[in-house]
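One chain comes next, on its own, written out as structure tokens in the form predicted on its own.
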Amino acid sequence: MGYKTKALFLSASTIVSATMASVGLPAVAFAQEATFVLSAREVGAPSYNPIKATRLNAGNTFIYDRMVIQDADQSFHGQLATSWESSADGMSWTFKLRPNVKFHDGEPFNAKTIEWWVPKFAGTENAFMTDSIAKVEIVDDLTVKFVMKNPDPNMLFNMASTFMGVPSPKAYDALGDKYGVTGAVGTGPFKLESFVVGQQTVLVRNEAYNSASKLSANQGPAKIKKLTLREIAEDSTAFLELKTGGVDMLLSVPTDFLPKLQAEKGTKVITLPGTEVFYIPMNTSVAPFTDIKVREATAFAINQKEILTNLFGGVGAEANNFLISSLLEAKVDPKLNISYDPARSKKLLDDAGWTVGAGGIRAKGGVPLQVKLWTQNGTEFKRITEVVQAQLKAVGIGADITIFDAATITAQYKKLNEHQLAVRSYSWGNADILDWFFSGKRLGHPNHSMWNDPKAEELNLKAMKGSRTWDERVANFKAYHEYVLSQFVFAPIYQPVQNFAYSEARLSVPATIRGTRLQGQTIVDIEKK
């Protein structure tokens, strides 16, 4: 697998460094080392296994290449694939693969890799990415054909997903369940040196890197030799680390921190269009949220404008449904969009039999309308959750806040009936996120709403597998989205932009960031000063 070779290489590097120091030569390597802080919501991602993991951090795009990647204008560009075409009936896709690419362990990337890779998704949480592929046929060493079960107009988006990073078959099979934790081997610009869940990841440059896409100006190895990705749950702590020189870049900056960062001399802030939505899932399997009137009342108690204005200074946008507003599937019947309406909320609670009691909290049959409101570590989550708590109380719903770390909260959701409400966010640029969070096949996590509705399942199936063209897919997902909205299984809150910050004294970053996010295609262009 190359691990012995890797160990020897590291040992040799240590010896060389020591020798340079002993003879007084400059330690050039240190000038090529950088430290980035991962997003607070990525803290605790348990693995670098893109096939099986349901939570990944940005480091995956540094370790792995994908078949294609997506630019901000929604166009697709080859990475491990150089070209592709779909048959007229949508029942096959043919991909030409990049030649002379090797994995970090020295194994070749070729058509056999893809033949091995695609079936690995079967039975995993991410199986929907490849469900439409019946089989992979090898045309030649650098050409593969996907024979489809059904047309999939979303194929290229799936191939561009971070969950579609291609691992080394040899390393993956050898490590088994430990893959992604004790080792992770891709073809990307960085190799995994070490990984401690919840603390940090150390990456070293792949000196043989030759599979950059056209979204990267640098077509060779990354300019940074060694990269440490730190996990810091508290945004205020991450800000202080950047300010004092402990880190070089923050890969995510909460909007409410922008004024502080912009006031810091020598700190540069980059803003990209957002792909994220904050929302409140409601556990429809436990009282009082088994009652659609209570769910509807909860949804209309949330004052999105107040949160946007007071917490985020008007930066970003209100969320009024489940999808980012740039998607066509977000253009639903305006009557179904959810916006603050306290009068409607109070009337619904009255109609459901919940009357105002002591301290303004409603009760029915002597039982107060007091619910559990969960959130996870991170300044942004905490502040939004506190405001949501106050907004719910204003209509007579009491909420007790519990804060979990990211790993613990996932385990709690999987207990199915422990949670009632939560403040969460997701980052995704495609309507199939509806399937991820509302499919009856994923109750508990990631379907935190515990929603299993026959009509919804029918609409979901049609959207996911019954669309022959892109226009059909948009129409089918729009219909599914509208039904989800009509059942009030969540409350939308806020759509942030993407903010990044770095030290101008320590890093040189491209003026234009290509892609939908700051990922591997940009990291190869960043230089340590």
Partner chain sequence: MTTLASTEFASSTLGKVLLSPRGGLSALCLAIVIICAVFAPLVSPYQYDIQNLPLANREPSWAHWMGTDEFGRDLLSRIIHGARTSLTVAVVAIGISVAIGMSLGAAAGYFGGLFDRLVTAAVDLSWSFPEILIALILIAIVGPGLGSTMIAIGIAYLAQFTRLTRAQVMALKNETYIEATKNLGAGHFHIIFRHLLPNALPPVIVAGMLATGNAIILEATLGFFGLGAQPPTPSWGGMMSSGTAQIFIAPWIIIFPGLAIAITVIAINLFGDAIIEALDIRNRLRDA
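Please read all numbers here as calculations on a predicted model, not as lab measurements. Positions refer to the first chain, counted from 1.
Absent from the display: the form predicted together with its partner chain. The rest refers to it.
Trainee: Spell it out for me: taking its partner chain in the predicted complex, does every residue among D256, T379 and I401 have a heavy atom no farther than 4.5 Å from it?
Mentor: So, yes: the whole triplet contacts its partner chain.
Trainee: If contact means a heavy atom within 4.5 Å, which one of 233-241, 102-110, 75-83, 324-332 is the stretch that engages its partner chain in the predicted complex?
Mentor: Looking at the other structure, the answer is 233-241.
Trainee: Would you check, heavy atoms only and a 4.5 Å threshold, whether V269 touches its partner chain in the predicted complex?
Mentor: V269 lies outside the contact set for its partner chain.
Trainee: May I ask you to state whether I114 is within 4.5 Å of its partner chain in the predicted complex, using heavy atom distances?
Mentor: Because no heavy atom of I114 falls inside 4.5 Å of its partner chain in the predicted complex, the answer is no.
Trainee: Contact with its partner chain in the predicted complex for V387, defined as at least one heavy atom pair within 4.5 Å: yes or no?
Mentor: Heavy-atom contact with its partner chain at 4.5 Å: present for V387.
Trainee: Using a 4.5 Å heavy atom cut-off, state whether E306 contacts its partner chain in the predicted complex.
Mentor: Residue-level check for E306: yes, a contact with its partner chain.
Trainee: Heavy atom within 4.5 Å of its partner chain in the predicted complex: which of N310, S285, N337, N150 fits that? Just give me the one.
Mentor: Comparing distances to its partner chain in the predicted complex, the residue within 4.5 Å is N310.
Trainee: Considering non-hydrogen atoms and a 4.5 Å limit, which listed residue (K347, K170, K145, K393) is close to its partner chain in the predicted complex?
Mentor: Exactly one listed residue reaches within 4.5 Å, namely K393.
Trainee: Which residues in 429-451 have a heavy atom within 4.5 Å of its partner chain in the predicted complex?
Mentor: The stretch 429-451, when checked against its partner chain in the predicted complex, contributes no residue at the 4.5 Å heavy-atom cut-off.
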